[in-house]
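We've got the same protein chain twice here, in two forms, each standing alone as structure tokens: structure 1 and structure 2.
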Structure 1
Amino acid sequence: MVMAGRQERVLTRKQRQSRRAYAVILPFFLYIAIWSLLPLVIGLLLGFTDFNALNGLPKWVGLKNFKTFFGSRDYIDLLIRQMWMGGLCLVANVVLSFLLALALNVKHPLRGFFRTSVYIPNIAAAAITSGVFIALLNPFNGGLNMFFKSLGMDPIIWNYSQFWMVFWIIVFFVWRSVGPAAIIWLGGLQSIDASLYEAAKVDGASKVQQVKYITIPGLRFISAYILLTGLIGVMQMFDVVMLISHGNPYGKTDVLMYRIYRDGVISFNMGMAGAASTVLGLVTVLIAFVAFFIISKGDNNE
């Protein structure tokens, strides 16, 4: 009887702890439900309607908007461009942030300053920081072309080149995103047992071998998180395109998210914007699921 009463008190204590935990996380679930799930459901429903925000109430049209999406080469090209441009941004950000984290993990008197400075571009508003790039890329009196002229070189009209516009989009994206990713990598690096490196040094392992056989395997969960969250981020990328290239030259850097913005906010075609958003969301979930499956399978094989 005493044991039963004690177990009952233990269960009651666990229940109280569970209720406190739910009370703490409930506001976050409500926030996600209101600002993420609710707009997702509304966007999905709008995809089945013909709705111009200036012309009255939505009219149910079924799969018409989705047929327009898949029947239009324009939307398909925008989706493909969103994927390959986003893929380039993701690869560059993952690689550079990892290398930056390795550098920030080195003991140095100013390492605290450098760790803080890499995060600053992420804090500043994109509309403000993009002004720096626009000033540099001005074809007439931009900083880069003025520098080229001082060297006797011809100026480059950046806006007329798809290669250069994609290049600067990647640079701007990585410049803003590399800091948070590097900080996450750095946290993972510091969680690895230092005795493993000491044992490797005793065995004569080089720095490259230590990174290959200790650092990278020890960061597999961190890498999975950075890859999946980065994947979702690049599939939602549009502000970089809007601020840096505006889709130029001649729409060759335009992406699906930027088209969704124009459909919904500028043209008020909420039905088409909802359908395109739904397709992009499903493609993102599918790619993330495949990536997660590949990462999980790799962990199981180990």
Structure 2
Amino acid sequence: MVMAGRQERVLTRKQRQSRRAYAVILPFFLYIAIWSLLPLVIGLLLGFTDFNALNGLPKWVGLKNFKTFFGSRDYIDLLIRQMWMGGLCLVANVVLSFLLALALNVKHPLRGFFRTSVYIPNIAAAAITSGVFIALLNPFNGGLNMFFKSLGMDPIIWNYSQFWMVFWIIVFFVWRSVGPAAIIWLGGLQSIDASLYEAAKVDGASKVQQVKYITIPGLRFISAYILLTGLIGVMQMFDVVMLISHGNPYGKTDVLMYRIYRDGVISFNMGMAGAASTVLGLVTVLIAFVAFFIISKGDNNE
């Protein structure tokens, strides 16, 4: 009798809990689902339609948009450029932020000031700071070329050169995102147990050996995180391109994500934008999976 009574009370408590949990979670979940899950579903269908969002209903056209995507060099070129330009931004950012984290991992009274300063570019939106770069890069009376002129050098027409536009896109990208990445690296560096280094020193390990056997294995998780999130980020990078180069010269710095934006939001060609989104999304997920697989495989070998 006593046992049964207790069991019943336990049950009702559990039931009460789960009822309350649903009452809290479900409304929020449904609301979030409307704004996030529904677009995901719409997006998968959108690519199979011909749909001008200004007038008329979507018309089912099957694989037509995907055929356009893979049939013309245009979109494939943009996809490849998204990959290599994004890749350059990512590599530059990962390497430089790691070096920066090493430099910040020194005990000094000024360290806090330095750490704050390198982070500050990130707290201003990209749109707010890009104007400075455009003003400096004006080929005729921009700050940089006038400075070169005063040194007796020839001015460089930045806007007409793919190399220089890509270069400045990378500079702007890294300038904005090197701070946060360095902070994450720094957190990883500082989470490595200092006694490991002491023990290595006692055993007579050199600085290089310490880095190889303690620092790098200790940072495996952090580096996986930085690489994966960075990868997903740069595969969708286009605000930087839009602000710094507009895809110029002659579309030679244009990337797929920027084209998707223009197809959809400016020319209202939703079907094509949807198909390209699906392809880019799947490629991103695929690359992230491969990267994850390589990283975790390296983990097992240790």
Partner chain sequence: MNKVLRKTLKIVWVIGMLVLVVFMLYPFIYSFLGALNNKRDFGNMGTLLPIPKKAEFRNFLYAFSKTGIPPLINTFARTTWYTFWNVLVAIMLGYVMARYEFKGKKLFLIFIICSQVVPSVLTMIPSFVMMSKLPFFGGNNWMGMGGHGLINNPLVLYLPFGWGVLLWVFLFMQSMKSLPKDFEEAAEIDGCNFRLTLTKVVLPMQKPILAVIAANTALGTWNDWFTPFMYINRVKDSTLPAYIGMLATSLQEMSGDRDFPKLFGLSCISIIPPLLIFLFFQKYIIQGIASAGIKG
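Think of the rigid core as the biggest set of C-alphas that the two forms share within 1.5 Å after superposition. The structure presented is a predicted model; accordingly, all values stated were derived computationally and were not measured. By convention here, residues take numbers in order along the sequence of structure 1, the first being 1.
As for origin, structure 1 is the form predicted on its own and structure 2 is not. With the core held fixed, L151 shows a CA shift below 2 Å between structures 1 and 2. Once the rigid core is used as the reference frame, the Cα position of G204 differs between structures 1 and 2 by 2 Å or more. After superposing the rigid core, the Cα of L286 is displaced by less than 2 Å between structures 1 and 2.
After superposing on the rigid core, the C-alpha of A23 is displaced by 9.7 Å between structures 1 and 2.
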